[in-house]
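Taking the form predicted on its own, here's one chain by itself in structure tokens.
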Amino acid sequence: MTDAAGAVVVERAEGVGGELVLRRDGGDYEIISNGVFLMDTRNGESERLLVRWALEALDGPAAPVRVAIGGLGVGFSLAEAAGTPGVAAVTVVEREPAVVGWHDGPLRPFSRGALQDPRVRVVRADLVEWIATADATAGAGGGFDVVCLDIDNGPHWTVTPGNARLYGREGLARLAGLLSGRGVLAVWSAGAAPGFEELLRACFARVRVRPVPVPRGEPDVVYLAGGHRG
């Protein structure tokens, strides 16, 4: 099936958050959520930098490192984490079974087959609900060294309204609770989110904002935070 834009619809699925569509446009794939473009495989630089910069910001020994990624997407962040020396374990929280399934098929090259890596654990859950559970860090050995969030288009542009809770003071406190003592929280955003930056600086001792230029439009932004103030 070909849609009005000329892209080929590979699969439609009824997901937890509504309809999901995987489309192919030439050699690239796109994920559409409830009719809204969510992500594609055309670049992925900022998604890889989300993980790379968080790992570089760690204090203390380089290894072993435990990573949690909120959102599997097209797999760029997971591939970066799994391909980094010293990363001992990666937990990916993804609520949509269809997205996980696509990585056994068309999206496998973009995650570099990392779902079959024994260091990788996929938790099929809503991230908001998962971080609220007592066993969210089970098996993490005292917390994650890096927690990366890429489940929305940014703190001000969420995929579902409930995700907004992640970017408030209470949500940030819960995310900080997943971190080890040296841990870093990294948040991806399709553009600057000044109010969110101010809140991060109120909640964390160390905050860095790193823009990633894109071919068109305003830069993507990666927010890095560590040293939760409690």
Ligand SMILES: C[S@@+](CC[C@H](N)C(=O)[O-])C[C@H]1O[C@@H](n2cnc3c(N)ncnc32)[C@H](O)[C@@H]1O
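A quick note: this is a predicted structure, and the numbers were derived from the prediction, not measured. Each form is matched to the other, and the largest set of C-alpha atoms that superpose within 1.5 Å is called the rigid core. Don't overthink the numbering: it's just position in the shown sequence, from 1.
Keep in mind that the form predicted together with this ligand is not shown, yet the notes after this line are about it.
Although this ligand is omitted here, in the predicted complex none of Val147, Ala176 and Arg206 has a heavy atom within 4.5 Å of it. Heavy atoms within 4.5 Å of this ligand in the predicted complex are found in one stretch of 38-46, 168-176, 196-204, 22-30, which is 38-46. Within this chain, Val90 is remote from the site of this ligand in the predicted complex, having no heavy atom within 4.5 Å. Contact annotation: Val99 falls within 4.5 Å of this ligand in the predicted complex, judged by heavy atom distances. Although the partner is absent from this view, Ala82 stays clear of this ligand in the predicted complex, with no non-hydrogen atom inside 4.5 angstroms. Contact between Ala132 and this ligand in the predicted complex is not found at the 4.5 Å heavy atom cutoff. Taking this ligand as it sits in the predicted complex, the stretch 68-82 comes within 4.5 angstroms of it through a non-hydrogen atom at Gly71, Leu72, Gly73, Val74, Gly75, Phe76, Ser77. Once the cores line up, the CA of Ala205 ends up less than 2 angstroms apart between this form and the one not shown. Put the two forms on the same core and the Cα of Asn34 is off by 2 Å or more between this form and the one not shown.
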